[in-house]
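Coming up is one lone chain in structure tokens, specifically the form predicted alone.
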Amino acid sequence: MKILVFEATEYEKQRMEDALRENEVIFFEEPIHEVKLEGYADCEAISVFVHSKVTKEVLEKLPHLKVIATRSTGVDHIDSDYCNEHDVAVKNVPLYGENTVAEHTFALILSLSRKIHKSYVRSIRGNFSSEGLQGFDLQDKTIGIIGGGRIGLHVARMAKSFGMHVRVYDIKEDAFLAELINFKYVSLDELYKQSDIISLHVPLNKYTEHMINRESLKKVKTGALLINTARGGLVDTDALLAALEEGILSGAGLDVIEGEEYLMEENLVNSPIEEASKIIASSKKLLENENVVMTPHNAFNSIEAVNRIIDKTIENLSM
């Protein structure tokens, strides 16, 4: 079987090449939409990461495709409707990093709550004054978790270990888990109103896109923190910038941002100029805001999680 692997790191190549040696495997550093696919029409399987835009136009160039193995939990970068219509199986890695992403979530929370990012910048400049660096305890604060799936529940468990009150919003409620972990399900409006910290753990789809917007931010408890380790499109960037400027939010911890694919240098060449320019301008404003901590879609990136991703992807490609 011919397999094309996109956005492949050298480590992934080494691991996958050996495990899939009975197949013809071709690796690309670029995302799929940047590769000329002519000559690969006979491939039966592909593996992609989140920066690959697996659109209808891309998929039409691979008429014999049977399997898409994405090395991620989310599948919003793949045209699922086309895949359903053409019997292309879409396989993901849902269980690779629930604890990994939850740990990164708390890394962002603690950086903001204890002003670690500001302290670091000050100390490397040779200034060891603690003036203006007073943070706050997490104990007895309320965290609101939007999305009570595997990652969200890990965040809930960790929050309880800090002595926090936990509120969860999810379309599916599990009374047993709520009692076991000791959290309370609430409506979205109640969560906004009660939470000192709001953490996003839902997939990106037509129902959740821009769920954090100007209207929802009006309901947020003044001075709350917003944490996003899920998908950038959940948050309207302009609304976020306004909320930070107006003091509705006191800070934001972001591992993902809206339109982050345009920030990769290789993607700028083929990006719509107006759209890319807007994203870059908004991202610059976020980076310049001292109450924002940003990481480059890195919440998944631990040694253990990456190995789990590769192992599951190999399994998904072994038809």
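Remember, predicted model here, so these are calculated numbers, not experimental data. In this text, residue numbers run from 1 along the sequence as written.
This protein has a second form, the form predicted together with a small molecule, left out of what is shown; the following refers to that one.
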Taking heavy atoms only, is Thr73 within 4.5 angstroms of the small molecule in the predicted complex? yes
Is the gap between Tyr96 and the small molecule in the predicted complex 4.5 Å or less for some heavy atom pair? yes
Are any of the heavy atoms in Val256 no more than 4.5 Å from a heavy atom of the small molecule in the predicted complex? yes
query: Any chance Gly135 has a heavy atom within 4.5 Å of the small molecule in the predicted complex?
result: no
Checking Ile151, Ala159, Val235, Ile227 against the small molecule in the predicted complex, the residue with a non-hydrogen atom inside 4.5 angstroms turns out to be Ile151
Heavy atom within 4.5 Å of the small molecule in the predicted complex, from candidates Ile248, Val101, Ile212, Val166, belongs to Val101
Within 4.5 Å of the small molecule in the predicted complex, heavy atom basis, the matching stretch of 110 to 118, 235 to 243, 218 to 226, 142 to 150 is 142 to 150
